[in-house]
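Take a look at this single chain, the form predicted alone, given in structure tokens.
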Amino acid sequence: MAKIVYRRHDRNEMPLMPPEKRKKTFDEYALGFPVNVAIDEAYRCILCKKAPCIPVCPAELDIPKWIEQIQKENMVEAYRIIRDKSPFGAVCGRVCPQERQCESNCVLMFKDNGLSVAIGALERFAADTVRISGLPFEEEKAPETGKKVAVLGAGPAGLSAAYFLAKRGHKVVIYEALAESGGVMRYGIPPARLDRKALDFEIELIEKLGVEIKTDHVVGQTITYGDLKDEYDAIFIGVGSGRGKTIGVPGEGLIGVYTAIEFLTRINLYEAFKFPEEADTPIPRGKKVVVVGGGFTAVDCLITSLRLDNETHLVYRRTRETSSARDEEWDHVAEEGAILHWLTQPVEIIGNEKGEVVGIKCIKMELVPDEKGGRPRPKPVPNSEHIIECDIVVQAVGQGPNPLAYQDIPNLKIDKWQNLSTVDSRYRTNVEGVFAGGDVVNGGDTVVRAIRHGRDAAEAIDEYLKTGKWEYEEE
């Protein structure tokens, strides 16, 4: 007799740690679906034949196919289907802005009172179930080809490229400048949002395919392009954008001013929150902190600062609605006590006679329509200057390139921002055998887009290794 399932029309929401508890710990605060809730939510999916959620997923996961496996309580197969397109289901299930991607195009947005299937939570559930179960998870790979590929950078783009190349039978060695792999997934996203056990598990699965990761290897210093060219048949550059940008106002050189990358790396990579008992890197505690910015990185800085018992403010020149971060994340940091100053623009960082930060001078803004029909422009409100007292300013206004890894490649074409946006549609640079993808190409985007770059580049590299043909498409 067939199993009868009644499909609910309201959405199961992710259980969260209470605000007062979560702001006192770096443990992950989104707790994940229990098994019965995940299956219940999976049955809300009507398994569309031409699913509109697929094309708006940057990785183009076959979402109905793996959700159907959750309905059948086959979590291993669900995770295997996810990994056909992305090696980081546990990561993307946690950090992707699903409400602007797959979930925004779910047909239930028009059927169930605008309540889409919780695709991100289900993706996380499938991955976590496989990890926590302890069951062996083996992946097929093609026979060895004898070809070798060097990947520069162990972030989402580099690890994704390595994964798909290894599955095609190529030998892959990743060179990572930092002491641990993961790139922005490790040094940028706080453990409160991304459980390190989940990240480590997915990196270990990539290593199980034979990928070798060499940390503490700074390409351009400890190893050169010439060395790599002699040893490898192709090179993929996925070094990200590892240099923090500044806001460009007086006072940036004062003591207590950080870029977001510096601030987050101290916590996420060097565990400065354990200073001085278990870590050598100090970090401000019990201070007044102002974070400048309105994107995902700003939210990560707020989450981090709040857990250090800091009075934490956000300053952003636009509105919450026009910010790039997720609505639920603004709700979460507000619940934890963050003070959010919308339509506020910093104009100067103020210091004392010792060169220490004591405040940030700001001006109120208003949004005015763009004459060309684009995004509304922020415009200063006259006579609205004011000072927010603080000890620390964190500049979360984007990342810039760190071209050390590719500066010695002869005749390599780069753009005016030192990025490799000059790659063609197959992620080829103008130098034969050298490919690039991720933030080093687009200047900074989501983790899932970097994963997609790595996957598509791996396909192009595989084709090059098999055919030897090189046809860089000049713009």
Partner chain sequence: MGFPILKKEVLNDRFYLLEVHAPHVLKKFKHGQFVMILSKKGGEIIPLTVFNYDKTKGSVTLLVEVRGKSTKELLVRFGEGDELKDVVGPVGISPNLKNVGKVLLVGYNYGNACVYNLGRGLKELGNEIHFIAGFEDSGSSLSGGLFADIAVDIKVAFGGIKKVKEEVRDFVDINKDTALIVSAGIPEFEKEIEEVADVFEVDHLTHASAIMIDPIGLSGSDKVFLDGDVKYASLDGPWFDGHKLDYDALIQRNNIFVEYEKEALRRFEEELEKERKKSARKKRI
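Numbering follows the first chain given and starts at 1. Please read all numbers here as calculations on a predicted model, not as lab measurements.
Keep in mind that the form predicted together with its partner chain is not shown, yet the notes after this line are about it.
> Pick from R320, K287, R100, H341: which has a non-hydrogen atom within 4.5 Å of its partner chain in the predicted complex?
Replying inline: For this set of options, the contacting one is K287.
> in the predicted complex, which of the listed residues (V368, A179, I132, A142) lies with a heavy atom within 4.5 Å of its partner chain?
Replying inline: In short, A179.
>> Would all three of F33, P52 and S104 be in contact with its partner chain in the predicted complex, where contact means some heavy atom lies within 4.5 Å?
In response: Negative, none of the three is within 4.5 Å.
>> Check L209 for me: does it contact its partner chain in the predicted complex (non-hydrogen atoms, 4.5 angstroms)?
In response: L209: no contact with its partner chain in the predicted complex.
>> Against its partner chain in the predicted complex, would T224 count as a contact residue? Criterion: heavy atoms within 4.5 Å.
In response: Residue-level check for T224: yes, a contact with its partner chain.
> Does its partner chain come within 4.5 Å of any heavy atom of S384 in the predicted complex?
Replying inline: S384: no, not in contact with its partner chain in the predicted complex.
>> I'd like to know if S324 sits close to its partner chain in the predicted complex, meaning any non-hydrogen atom pair within 4.5 angstroms.
In response: Output for S324 is no: heavy atoms all beyond 4.5 Å of its partner chain.
> When its partner chain is placed as it is in the predicted complex, which of 79-87, 159-167, 374-382, 235-243 ends up with heavy atoms within 4.5 Å of it?
Replying inline: Result of the contact check: 235-243.
> Taking its partner chain in the predicted complex, which residues along 251-275 bring a heavy atom to within 4.5 Å of it?
Replying inline: Contacting residues: E252, G253, L254, I255, Y258, T259, I261, E262, T265, R266, Y270, E271, F275.
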